[in-house]
Each structure stands twice: as structure tokens, then as C-alpha cells.
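In C-alpha cells, one chain follows: the form predicted on its own.
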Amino acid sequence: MSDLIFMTGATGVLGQELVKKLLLTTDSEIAVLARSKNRVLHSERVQKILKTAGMDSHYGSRVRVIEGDVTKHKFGIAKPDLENLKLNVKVFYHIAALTALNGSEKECRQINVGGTEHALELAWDLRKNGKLGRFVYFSTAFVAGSVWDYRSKEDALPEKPVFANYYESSKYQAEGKVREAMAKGLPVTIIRPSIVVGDSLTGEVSDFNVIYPFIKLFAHGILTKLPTHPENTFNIVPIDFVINATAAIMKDPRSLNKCFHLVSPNPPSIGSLVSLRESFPQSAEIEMIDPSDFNKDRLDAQGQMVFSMLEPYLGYLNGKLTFDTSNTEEILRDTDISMPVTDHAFLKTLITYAVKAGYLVI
């Protein structure tokens, strides 16, 4: 048997693309953790993803599905499957997370913190009783907290971060636990993407989440007042860059026990995003209000409802968080992968695909 890769979160946006990349660029077999959802069996969910990618011939051969749930002790994996993982897993990717910015404290803690605790428990077992060579943890660039003026270092967590939502705080706690395990000898690589959006060339993405609901609010004329400044930026990163950079990082032995910011070095401004309203005739003029002068109680009933939907995103519109990318640039220096360009043209590419896919309506 060739080396086995074990992965959580394979049915999510990043996981799907990473599975495709591994199938195309390695000869490894991949065991993916999945659970049944909405009356669709765990195995069917993975099979559907592979079929959509034109890779269904790998199902049952190079790709196999293990039933489990990250919220359970050792993911609730059946004993025969656990024994097989111990014998064969070389690399363990933990990607599964609740990424909804409006997730509750309980949900975020259960999935993001508890899920990572269970992943580490299993990783130690695979390390001590098997042949695990690396645990790869997908964190977020916003573990530093998005609502303050701070330059986040790759190989450290800030002592007193300022969070915009429970997603950020739960990922901070989870990464802290991963770093504790790394300090105790678990071989770890930490990947920290910013807000993952569509492909750099086509805009294509398998699911419209995180920043896309915000774009829909203003594109469809629902959002008219925004507490921010036009020069403020928001850090987005194309999904193909995240996947290609991750593959390059994993190939380089220097990446062991290090952390990598996969972010945009020159993120777009709020002003450039709002200027895209020209593509949507039904969108309303957006009034940008200094956050210090903004009072949601002055809004009408509809405005307050819209603001409640917008609130989880405000950190990304008003934060001054920037990112050190020394480790990332060092690893990518001798590859053909460049840091991503996320200019006005790229924003238009994202919007064009979202319209083509029916998510946004012109």
C-alpha cells in the first residue's frame, strides 16, 4: 500500500479542492472522514464531489470514506478503521471547521475547539502507535482577531487578541492547543488562510460563504448604510493560491513545525468593492459612515435587521490587522507560485462567476 493521507473537512470548500490536488499530484491514497447529512449517506456525499470533479473512478480505490464526526471522541471512528489508520497514515490534514461568522459560541466551541482536541487526540495515537509524520492544521489568518491595529506574526499567537465573532475566538483557542501539541513533539504544520474566495482566473468556487453573503446584501440593494471608511481593506485570497501554496509547503521539509499566512499582500479596499455596484442596477447608493458616529438605534426597522446580518462582518471591514508572510514567501521563492493579486479586476471576476452561478442576480 502507498502512503495514506487522512483528512477531515473533505466535503468543504477547501477540502474538496485539496483532495483533487492530491489525486493529481501524488500517488497517495486518501481516507476522508465524513458524516451523513440531510439524509445523504457519508459515502454518497464524497462520491458526489468526486463525480462533479470527474474523478469518480478514484472512489473506492485511491479515495475511501470513513464514517465519523469531529465532535466525538476519536471522531467516533469504528475500531477496524482506527486500526487501519494506525497502520498506514503518514499525513493527517485537519480542515473541518464551522466557518460561519454568525456561529454561536456553543457551536464554534464544539466544532472548532472540541473537533481540534479530538483531532489531536487521534494524531497522538497515530504518532505513537503508527507512523504519522505530520499533522497539518488549517487555522485562519484571523486567529489574531480582526478588529484591532496589529501585525500578526506567523509563528506566534498574540497574547490579547480582539475578536469580532466566535469563529475567530474559537479558532484562536484551537490553534493554541495545536501549538501546545507541537511544543510537546507532535510534528505540525499550520496553514492560516484569510477569507477564501473563488479561483484567481475564473472566480469559480463550490460554495458561496463568508464574504459572499455580505456582497449579496449590497448587490441586491438591501444594504444602504455601512459603518466603515472607503480606504479600509479586507483580506481575501483565491482558493487556487491556497491549494497550490499548501502543496508547495508540504513538499518542503523546512515547513515542519512552522506556520504560514496564505493571504493577499495588497488586499482590496471597501471603496473598490462598493464601486462594483455599477454592475447591479437595482443596488442602492451606499452611505459610508464613520464607525465612531454610527448608531444602529437610529436605523429604521429594516435597517436594524440588515445591520444584525452585517454585524459579524464588521471586523473585516474596519480592522487594521496586517500579516507577516516571511515563512510563506521563503517557501514559495523557488517555486512558480506568486503571492496573489486581489485587485479590482479580481473582484469583478468573483462577481461575474457569482452571477453566472445564479448566486447574484443582475
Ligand SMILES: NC(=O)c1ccc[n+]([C@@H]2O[C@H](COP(=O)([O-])OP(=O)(O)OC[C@H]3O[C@@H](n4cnc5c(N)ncnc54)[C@H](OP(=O)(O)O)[C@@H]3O)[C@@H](O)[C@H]2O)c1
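Note that residue numbering follows the sequence shown and begins at 1. Given the structure is predicted, the values throughout are model-derived calculations rather than measurements.
Omitted from view is the form predicted in complex with the ligand, to which the following refers.
Highlighted residues V136, G176 and N257: none comes within 4.5 Å of the ligand in the predicted bound form, counting any heavy atom. Although the partner is absent from this view, V70 contacts the ligand in the predicted bound form, with a non-hydrogen atom inside 4.5 angstroms.
When contacts are judged by a 4.5 Å heavy atom cut-off, V263 does not count as touching the ligand in the predicted bound form.
Interface residue remark: G203 is not counted as part of the site for the ligand in the predicted bound form, having no heavy atom within 4.5 Å. At least one heavy atom of P193 is located within 4.5 Å of the ligand in the predicted bound form.
For the candidate set R298, K51, K320, K37, a heavy atom within 4.5 Å of the ligand in the predicted bound form is found for exactly one residue, namely K37. Note on contacts: among V210, L217, V113, I270, the single residue with a heavy atom within 4.5 Å of the ligand in the predicted bound form is V210. From the list 81 to 89, 270 to 278, 164 to 172, 218 to 226, the contact stretch for the ligand in the predicted bound form under a 4.5 Å heavy atom rule is 164 to 172.
Annotation for 72 to 109: interface residues with the ligand in the predicted bound form are I95, A96, A97, T99 [heavy atom within 4.5 Å].
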